[in-house]
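Here we start with a single chain on its own, the form predicted alone, put down as structure tokens.
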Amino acid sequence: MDMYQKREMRKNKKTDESTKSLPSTSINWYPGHMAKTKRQIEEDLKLIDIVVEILDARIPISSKNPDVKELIKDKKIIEVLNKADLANDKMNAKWSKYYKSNNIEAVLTDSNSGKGMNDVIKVIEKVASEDKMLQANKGRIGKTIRVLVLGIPNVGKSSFINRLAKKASAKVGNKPGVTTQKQWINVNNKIQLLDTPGILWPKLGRQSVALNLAYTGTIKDNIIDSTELVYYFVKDMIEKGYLNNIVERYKLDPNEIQDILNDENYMENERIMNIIDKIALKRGAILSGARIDYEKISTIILNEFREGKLGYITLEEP
């Protein structure tokens, strides 16, 4: 058996391992303290006028906690699509149109630059204006608007609060679950925020949701095999029209990549893995014996997506 055949056997074995169905419904991502957090939020809601839910603009569906609707009951809610600077502009416009057509208050924001923060304050005051009129009729004037900020880990909730309050009030980190306890923060003389720990839901349903949460770092990297994850990511990038982002970022030959995708001698999983191999060669993710370092190249690709180096990408449409 020559070196080429050995390499193909190794690659095919890796490909087979990388394309097994992701065990999305069995991912253990619901920490033991989460039930306690949920109960605390239910208590806090008695003091709250408005709920602001922070979503990731790249995955507005997957980053929305399905338990929130039942949790907040009749409280008014504002959806904040954070990290809009990393998302596709056309898709941002589509999402804005979608929320408007469904009479849902929504704001696109970028916590890092502060873009959209003034709009958030205006929408909070607008939503609270009806209640303020009722309070004024009862003789209560100047009541502070109390806002509860909810969001799953890693959507930029703490960065959002700090930017809105113009100070480092909430703990910030690039790991899921940095905020651990309740804290009130003054935005101005009208609005007060209540920060909460990132709240998850007990069971992941669709595989696409689990994958999107893993791509953006909400699901910790040690829970899902990195090679399997990057396989699905590259596959999604191709299917959602972002192949050029991959080609340009890693300086791949577009004709060569198109030939790989059109080659009927390969199965789909082999075509995807061939493209990952090409990226690995460009980035020097090579082990001894000319083997691909899949762990290294997986980390590179996923980190560059999370940092916005692959361009402006939105993975979900309204």
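Because the structure is predicted, anything quoted here is derived from the model rather than measured. Sequential numbering from 1, following the sequence displayed.
Just so you know, the form predicted in complex with a small molecule exists too; it's not on screen, but the next bit is about it.
Residue heavy atoms within 4.5 Å of the small molecule in the model of the complex occur in exactly one stretch of 206 to 214, 236 to 244, 187 to 195, 158 to 166, and that stretch is 158 to 166. Interface residue among Asn112, Ser226, Gln183, Asn92 relative to the small molecule in the model of the complex, by the heavy atom within 4.5 Å criterion: Asn112. Using a 4.5 Å cutoff between non-hydrogen atoms, Pro153 counts as a contact of the small molecule in the model of the complex. Shown alone here, Asp85 lies within 4.5 Å of the small molecule in the model of the complex, counting heavy atoms only.
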